[in-house]
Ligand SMILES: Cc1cc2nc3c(=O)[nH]c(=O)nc-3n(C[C@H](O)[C@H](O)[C@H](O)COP(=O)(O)OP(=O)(O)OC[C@H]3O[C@@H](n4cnc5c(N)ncnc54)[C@H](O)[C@@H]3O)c2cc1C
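Single chain ahead, by itself, as structure tokens, in the form predicted on its own.
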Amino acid sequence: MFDLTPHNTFALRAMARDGLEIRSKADLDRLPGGPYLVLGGGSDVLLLEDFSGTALLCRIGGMETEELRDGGVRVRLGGGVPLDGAIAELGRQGIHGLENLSLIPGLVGAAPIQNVGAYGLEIGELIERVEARDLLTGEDLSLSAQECGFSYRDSALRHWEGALMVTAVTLRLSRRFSPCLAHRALEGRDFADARSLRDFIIGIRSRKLPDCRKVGNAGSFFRNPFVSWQKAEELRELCPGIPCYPVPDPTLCKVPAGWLIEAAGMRGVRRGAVGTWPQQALVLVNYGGASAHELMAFAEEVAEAVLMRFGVALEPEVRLFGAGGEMSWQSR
């Protein structure tokens, strides 16, 4: 048996039948029989029970850069490279564009699957190509950004039939610092260089979010829900201060899940070993020794509180895994 406890940032106790480190695509040619659980840093998963198959830990490294005539830089990163470490190293090389994603835990290979984003930027906006191995067919895939089907905290990769391991990601970055300042926390601010923007983002995240090395968590547990503008008006009548943000679909707007959870009275609530983080209600934490059952029960309590208060259903951003593989929130 293979211990998954140190391989998920919730620090939940779980086992797999076996576990393998994947350091190259050649390692994927010699896999035992499935099912497979693909893990990077384990920062976006909730392991509900022991896994009946083999856990594959992506450790494929590498960073390649190609200078483009227009001042752009094409960067190819191995799927096992830590995302924040890559952002720091690219900054040292004078390559910019990813600063808003600073301090997001996890590996590069996991980032496109959920189209990770923060402070007004989603990684899918910068991706040119994703390379992956279909673990059921053994086929190597090279997918354009369009084929990846990026959307809010989602992509076609997440819904791939069978197991998929991202082996490399190619991004289009730049030598010119052109900051993305669309987020309300950044609007009106002036950043002299990429380092100052990165330091600012790191400062915000460090103040608001728990360090997963000290307190078990997977960052934002729930997605920000999209509601109709009519529903948004109803929410504003109920709570005049509720923020609503436009999205590409003009019939919908985005409402911050953390705001809803806090307004429902669930920020800083603790139930034994689990709770919501006092500085950010969107983060569910394992204070130590919690079980997956306790964490899921608390997540359901939080979602129910928001539904009862506002009539808005929350969906998890983290991926849920059972004995046979990924599970939906509805089928858990």
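Remember, it's a predicted structure, so these values are computed and weren't measured experimentally. From 1 onward, residues are counted along the sequence shown.
The form predicted in complex with the ligand is left out here; the points below concern that form.
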Exercise. Answer for residue 113 alone: is it within 4.5 Å of the ligand in the predicted bound form, judged on heavy atom distances?
Key: yes
Quiz item: Hey, in the predicted bound form, is residue 94 touching the ligand, heavy atoms inside 4.5 Å?
Solution: no
Self-check item: Non-hydrogen atom contact residue 183 with the ligand in the predicted bound form at 4.5 angstroms
Solution: no
Exercise. Answer for residue 286 alone: is it within 4.5 Å of the ligand in the predicted bound form, judged on heavy atom distances?
Key: no
Quiz item: Of these, 179, 225, 106, 124, which has a heavy atom no more than 4.5 Å from the ligand in the predicted bound form?
Solution: 106
Quiz item: Considering 319, 13, 17, 25, which brings a non-hydrogen atom within 4.5 Å of the ligand in the predicted bound form?
Solution: 319
Self-check item: Options 84-92, 246-254, 157-165, 188-196; stretch whose heavy atom lies within 4.5 Å of the ligand in the predicted bound form
Solution: 157-165
Quiz item: Listed by sequence position, which residues of 203-228 have a non-hydrogen atom within 4.5 angstroms of the ligand in the predicted bound form?
Solution: 205, 209, 210, 212, 217, 218, 219
